[in-house]
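Only one chain is included here, represented as structure tokens and corresponding to the form predicted on its own.
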Amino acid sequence: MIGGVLILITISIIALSMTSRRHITDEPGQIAISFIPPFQEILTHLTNAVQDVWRHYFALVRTAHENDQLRRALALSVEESRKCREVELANHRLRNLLNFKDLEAFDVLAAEVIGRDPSIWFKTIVIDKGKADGVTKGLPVVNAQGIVGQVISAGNRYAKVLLLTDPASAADALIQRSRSRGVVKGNAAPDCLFDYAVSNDDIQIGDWVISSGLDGVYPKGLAIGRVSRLMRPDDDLFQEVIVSPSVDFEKIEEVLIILNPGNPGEERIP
């Protein structure tokens, strides 16, 4: 096709040069000139076709470039929207913590969870506050839903918290409605045990379990959870009480460390 175009261009140039010479008036020259217009028309159509191809090609390239820019802009918008949503959720959680802080007569320190023990045997988290912030071993850790656990070690800028659901954890507790006493222990599971509840204690499913304040760790009145299951063996002195914690331990992101746990507090449930 390109060779044909070149031939037609050559013929057109020759014809034009022939017509520009006034002394050419012979009949063969006029006959040759009569064949020029069809070739010029074909050449014009071919030239226009080539130009259309180039215009469409550059238009496609420009469109593809614009599409790439739009895709990048959309991706950035989605990312910004995700960040805004995350900030909104964080603000909601922090407002809950601040409300909890306002309702309690404790000196508290807010901390962010930055690590979690991956083992199935130990239930611990790492927070971003340590000795430099006044955090020491033994301090209780809570959030707006209730007791989270206890600080078991503290570095200068970080601390490790043993969660209430760990088998090594324990909290002296009360059934809020009937005042029956027991000890809430971790059960290596989502639930906890309410131990040492005698068989004739008035305990019902749905009862709130709160801290008694008698263990020297957790102030009185902090929410622990609700009674979710009961077993009263006929020949046993104690009944088996299962407690579902009020804290969702799989979704903890921020906590409060109580710096003066010896101060009395009011009984409070979420």
Partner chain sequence: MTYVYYTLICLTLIVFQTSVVPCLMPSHFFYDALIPFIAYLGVFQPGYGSFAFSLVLGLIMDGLSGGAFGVYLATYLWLYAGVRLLGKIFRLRNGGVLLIILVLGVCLENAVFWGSILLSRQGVRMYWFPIQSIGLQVLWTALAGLILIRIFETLQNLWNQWARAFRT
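Everything numeric in this text was worked out from a predicted model, so none of it was measured. Positions refer to the first chain, counted from 1.
As for the form predicted together with the partner chain, it is not shown, yet the points below apply to it.
Pick from 158-166, 129-137, 173-181, 143-151: which stretch has a heavy atom within 4.5 Å of the partner chain in the predicted bound form?
This holds for exactly one stretch, 158-166.
Do all of 212, 216 and 257 end up near the partner chain in the predicted bound form, with near meaning a heavy atom within 4.5 Å?
Judged in the predicted bound form, none of 212, 216 and 257 sits within 4.5 Å of the partner chain.
My question is simply whether residue 187 lines the interface with the partner chain in the predicted bound form - judged by any non-hydrogen atom within 4.5 Å.
Looking in the predicted bound form, residue contacts with the partner chain include residue 187, since a heavy atom lies within 4.5 Å.
Quick one: does residue 72 come within 4.5 Å of the partner chain in the predicted bound form, counting heavy atoms only?
Because no heavy atom of residue 72 falls inside 4.5 Å of the partner chain in the predicted bound form, the answer is no.
Mark residue 112 yes when one of its heavy atoms lies within 4.5 Å of a heavy atom of the partner chain in the predicted bound form, and no otherwise.
Looking in the predicted bound form, residue contacts with the partner chain do not include residue 112, since no heavy atom lies within 4.5 Å.
With a cut-off of 4.5 Å between heavy atoms, is residue 108 one of the residues that contacts the partner chain in the predicted bound form?
Output for residue 108 is no: heavy atoms all beyond 4.5 Å of the partner chain.
Taking the partner chain in the predicted bound form, which residues along 220-257 bring a heavy atom to within 4.5 Å of it?
Sequence-ordered list: 229, 240, 242, 250.
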